[in-house]
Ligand SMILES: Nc1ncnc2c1ncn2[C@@H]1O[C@H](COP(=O)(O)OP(=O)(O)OP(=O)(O)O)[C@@H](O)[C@H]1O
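Below you will find one chain, with nothing else, as structure tokens; this is the form predicted alone, and questions on how it binds or moves follow later.
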């Protein structure tokens, strides 16, 4: 797996930042307080979200108000998007993962979560995971690339 781009919105010191065309070997340098540790905490945050849940990942970092960029309101969202290349069914594919986290009624809510990549050489990327405000679907047999989209098994 190789990360190609990262886009961050309202994640700690990154109000609206992106890194594109990330090489296979990348060295991150900068002055103290420039955001190097915060950049790497994106991966720790995502791991904690997947291992535990979003609430615990936020609490580990001081809560939603500490993770969302300064100057943002409770109506704003934290957004993380990663694009990476990964071999799936013998083909090196560009995969996009997006998560948008907001605050509602005293707790965090996943406003949007998408995992997408192309099933074939042509066409638009297909959403294998697509959630919005607590509901959506996940494809259960995504690795069966020979099946048409109508035969994919969705789990709500």
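Predicted, not measured: the structure shown is a model, and the values here were computed from it. Residue numbers count along the first chain shown, from 1.
This next part talks about the form predicted in complex with this ligand, which is not shown.
In the model of the complex, this ligand sits within 4.5 Å of a heavy atom of residue 38. Taking the partner from elsewhere, residue 31 is found to have a heavy atom lying within 4.5 Å of this ligand in the model of the complex. Contact annotation for residue 122: none of its heavy atoms lies within 4.5 Å of this ligand in the model of the complex. Using a 4.5 Å cutoff between non-hydrogen atoms, residue 104 does not count as a contact of this ligand in the model of the complex.
Between this ligand and the residues 95, 67, 57, 114, the one pair within 4.5 Å by heavy atoms in the model of the complex involves 67. The stretch from 42 to 50, 59 to 67, 84 to 92, 127 to 135 that comes within 4.5 Å of this ligand in the model of the complex, counting heavy atoms only, is 59 to 67.
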